[in-house]
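Single chain ahead, written as structure tokens, the form predicted alone.
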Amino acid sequence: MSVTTQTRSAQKTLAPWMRSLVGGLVTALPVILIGIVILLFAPAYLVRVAFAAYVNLLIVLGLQIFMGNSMVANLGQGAFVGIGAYSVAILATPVAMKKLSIPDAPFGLADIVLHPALAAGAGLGITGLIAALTGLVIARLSGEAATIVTFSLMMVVHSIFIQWTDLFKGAQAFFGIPQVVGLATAIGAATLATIIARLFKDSASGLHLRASAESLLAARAFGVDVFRLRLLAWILGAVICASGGILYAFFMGTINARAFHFELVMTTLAMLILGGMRTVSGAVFGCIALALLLEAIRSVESGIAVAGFQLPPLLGLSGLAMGAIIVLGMTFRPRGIFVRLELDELLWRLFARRQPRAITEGKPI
């Protein structure tokens, strides 16, 4: 029996949804372990750095759900992250603080305050509604048109944040948001998002959507409703991106529109490209690898001492490194670290290769 046949027969002993659930948990295991180590041993500043990395992971997973399955470009993730963050900021900030920050807010929002959990649910609902409306257009697009429209979406939303000062405070920071979450919450959210992304990828909808990415005409010829599947993936990905913005707002206690603009888009896109956009494991490990690399570069960027010599600050090094990673990744590994197989599938293959060898070595000669 071949290794591939053994692997498939072993995996078929589990129900499809159970295999996806176990696969998602295996992929999320490094995320959980790293988070636990940071919670137990890391200083406070590293906890803040790790929290930002987990927020980025949520955004990258949201990107992967739509972009990785449909292979339609998406540069609008910053819009949904910002919508989620500003939704909870406006709804959950105490009235006394809103009287200072947005006293002239329309619709009586300056006098309304919700429990953080209700505000988070409302933020996800608002994001889902906006994603459904924008998805009616974006789900019909491909290629350069999708790239331009999704980038334009981010620019339009960012302009609203900046220009509608009565509601979003413009370029100034929106402060007074209740700080009610910590790193443990981010770890749980990232784990749940990883499982959701894997379940969607392995579902019939995810399979049909990936088939349409290979051949759009062939998928339509076989009766696949490509528009519906793209719209579903767009909404689900947007909601997961918004959850990252919600956690960010509830952790930081203050937000600014610049945090959801071009830098966030390029960072999360680079993470997805580096890891491999076709797999959930690629999204997770691309985020981990680039987060570690960027943090090391930032420490060098601020100036370090090497062999008794103090290096000057290298301002802009992180931006240069980001561009270099994208260029080198697209040149030498255009499909990312995890091309098609997930982490659990690779482990199954490794186990299946070793098992026959172990049986053979145990037989008497």
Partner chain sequence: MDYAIQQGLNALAFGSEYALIALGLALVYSIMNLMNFAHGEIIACAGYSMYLAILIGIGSPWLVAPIAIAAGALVAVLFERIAFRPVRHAPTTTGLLTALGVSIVVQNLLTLLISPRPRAVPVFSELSRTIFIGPYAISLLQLLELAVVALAIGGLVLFLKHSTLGLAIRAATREFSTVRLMGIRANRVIATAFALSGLLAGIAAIFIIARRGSIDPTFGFQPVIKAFIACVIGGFGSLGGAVLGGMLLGFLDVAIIVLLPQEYGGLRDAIAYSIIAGLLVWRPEGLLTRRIELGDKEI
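Keep in mind the model is a prediction, meaning the values are calculated, not measured. Residue numbers count along the first chain shown, from 1.
Although not depicted, the form predicted in complex with the partner chain is the subject of the following passage.
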Checklist outcome for this item: Note: exactly one of 122, 293, 145, 207 sits with a heavy atom within 4.5 Å of the partner chain in the predicted complex, namely 145
Checklist outcome for this item: As a check of understanding, the residue in 330, 29, 337, 46 with any heavy atom within 4.5 Å of the partner chain in the predicted complex should be identified as 330
Checklist entry - Taking heavy atoms and a 4.5 Å cut-off, does residue 324 contact the partner chain in the predicted complex? => result yes
Checklist entry - Quick one: is residue 320 in contact with the partner chain in the predicted complex, heavy atoms, 4.5 Å cut-off? => result yes
Next on the checklist: residue 220 versus the partner chain, in the predicted complex: is there a non-hydrogen atom within 4.5 Å?
Outcome noted: yes
Checklist entry - Is there a heavy atom of residue 112 lying 4.5 Å or less from a heavy atom of the partner chain in the predicted complex? => result no
Checklist entry - Counting only heavy atoms and a 4.5 Å cutoff, which of 134 to 142, 172 to 180, 77 to 85, 191 to 199 contacts the partner chain in the predicted complex? => result 134 to 142
Next on the checklist: Counting heavy atoms only and using a 4.5 Å cut-off, do 216, 262 and 266 all touch the partner chain in the predicted complex?
Outcome noted: yes
Next on the checklist: For a quick check, can you give me the residues of 268 to 286 that have a heavy atom within 4.5 Å of the partner chain in the predicted complex?
Outcome noted: 269, 270, 273, 274, 277
